[in-house]
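The chain that follows stands alone, in the form predicted alone, written as structure tokens.
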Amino acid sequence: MVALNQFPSMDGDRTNDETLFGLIAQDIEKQGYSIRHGALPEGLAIDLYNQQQVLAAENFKKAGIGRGGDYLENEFVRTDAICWINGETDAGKDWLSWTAGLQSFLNRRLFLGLFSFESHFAHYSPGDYYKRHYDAFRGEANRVLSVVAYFNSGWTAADGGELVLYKDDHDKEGTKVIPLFGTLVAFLSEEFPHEVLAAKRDRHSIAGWFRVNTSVFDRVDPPL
């Protein structure tokens, strides 16, 4: 584990948060995505990394595609393992509080109508991957903004496991993001296909999605 006292403690410095949130909003408005290295507050990042390390293996399950009754494991598409964050730990509560601040700021600045947030820890063992996909299908208006945070110290391109963000279906090269500790990525869920290349060492992160309220008279979405 990383000792919290190696870095300044997380003290809810709203000025720093607002500055960062403003930069993220500016990036999204300009290009639809934001890649900010070392952006996640260090104390929060350390707490989340430590929390992920103490979770027992049985807390993680093989990731799949779909949700609820449509959930399906599919190793052709992805092989990572996940554990949903429900706010039962101090680290989880701090993460949900911090992302709620981001949600509020983006709604004020960009009028996105973000209604709820869901996220999970993700563990990629050596060789694990997630093939090219979208986080939301165009027109379904469920997941609007995807957020990824990384907790890997000393990571280099030689370790693999990069997130590759493509600008559209025709883009073959993409923009690679090394999953280095504290890096934060946000992008419009319907707009950018992306993938995670096979990792060569254990890779730790959080993936999350801001959703809008698409409830109708006979269906609640996001689910309660």
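Keep in mind the model is a prediction, meaning the values are calculated, not measured. A residue's number is simply how far along the shown sequence it sits, counting from 1.
Just so it is clear, the following notes concern the form predicted in complex with N-oxalylglycine (OGA), a form of the same protein that is not shown.
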*Exactly one of Val148, Val144, Cys83, Leu102 has a non-hydrogen atom within 4.5 Å of N-oxalylglycine (OGA) in the model of the complex; which residue is it?*
Val148
*Which among 24 to 32, 167 to 175, 192 to 200, 46 to 54 is in contact with N-oxalylglycine (OGA) in the model of the complex, heavy atoms within 4.5 angstroms?*
192 to 200
*Using 4.5 Å between non-hydrogen atoms, is Tyr124 touching N-oxalylglycine (OGA) in the model of the complex?*
yes
*asked:* Taking any heavy atom pair closer than or equal to 4.5 Å as contact, tell me whether Leu163 reaches N-oxalylglycine (OGA) in the model of the complex.
replied: yes
*Examine Asp128 and determine whether its closest non-hydrogen atom to N-oxalylglycine (OGA) in the model of the complex is within 4.5 angstroms.*
no
_Since only the chain is shown here, I'm wondering whether Trp209 would be in contact with N-oxalylglycine (OGA) in the model of the complex (any heavy atom pair within 4.5 Å)._
yes
